[in-house]
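There is one chain below, alone, in structure tokens, taken in the form predicted alone.
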């Protein structure tokens, strides 16, 4: 579970990457089989996993839609999103259609409503924050839990993507280890861009 840090980023940025990047890779590539020219919806695009998933999907050559607050619309566009849906004022299930893949980091009702955006025979991968409902409204959709591989080969693949410039870490705050409790509270608000990193020394 060790790999060499890419030379082009520092240790703070690298600390933000492994879990988020491996999760995005699992959802889009390992289990999602995202291909060039396909359309993908990524939920929570400004979140820790979403910011990496958007960049990875654009690197693959997909058309990317994401859900984000209005205040993060420009930010997710800069990361590579083609379409940003303000989840507070728009219903993504009505605004989007004929998507090949949906990567769900939310679960719950968002997961259920996401079936509506998928093309016949579409695919759904998920890393759930809320429980995944047992109901499956469409039998033609393939649903996969995006289980993550934590191993050296996977970390080396992420390092290659960083070295090539396909993925750039997104760190919203660096907090001293002594303030870990407040940092955790900050991360639980659901309104951060990217990741929070704890500085040990």
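Numbering follows the first chain given and starts at 1. Note that the structure is a prediction, hence the values are computed from the model and not measured.
There is another form of the same protein, the form predicted in complex with a small molecule; it is not shown, and what comes next is about it.
- Name the residue from 79, 106, 118, 84 that puts a heavy atom within 4.5 Å of the small molecule in the predicted bound form. If I apply the 4.5 Å criterion carefully, the residue I get is 106.
- Message: Quick check on this chain: which one of 148, 60, 166, 175 has a heavy atom within 4.5 Å of the small molecule in the predicted bound form?
- Response: In short, 148.
- Does any heavy atom of residue 27 come within 4.5 Å of a heavy atom of the small molecule in the predicted bound form? Close contact is absent here: in the predicted bound form, residue 27 is far from the small molecule, nothing within 4.5 Å, heavy atoms only.
- Flag residue 11 as yes or no: does it have a non-hydrogen atom within 4.5 angstroms of any non-hydrogen atom of the small molecule in the predicted bound form? No, no contact at 4.5 Å.
- Message: residue 183 versus the small molecule, in the predicted bound form: is there a non-hydrogen atom within 4.5 Å?
- Response: Flag for residue 183 set to no.
- Query: Given that the partner is absent here, does residue 96 sit within 4.5 Å of the small molecule in the predicted bound form, heavy atoms only?
  - Reply: Residue-level check for residue 96: no, no contact with the small molecule.
- Message: Only one of 49-57, 136-144, 166-174, 153-161 has heavy atoms within 4.5 Å of the small molecule in the predicted bound form; I'd like to know which.
- Response: Flagged stretch: 49-57.
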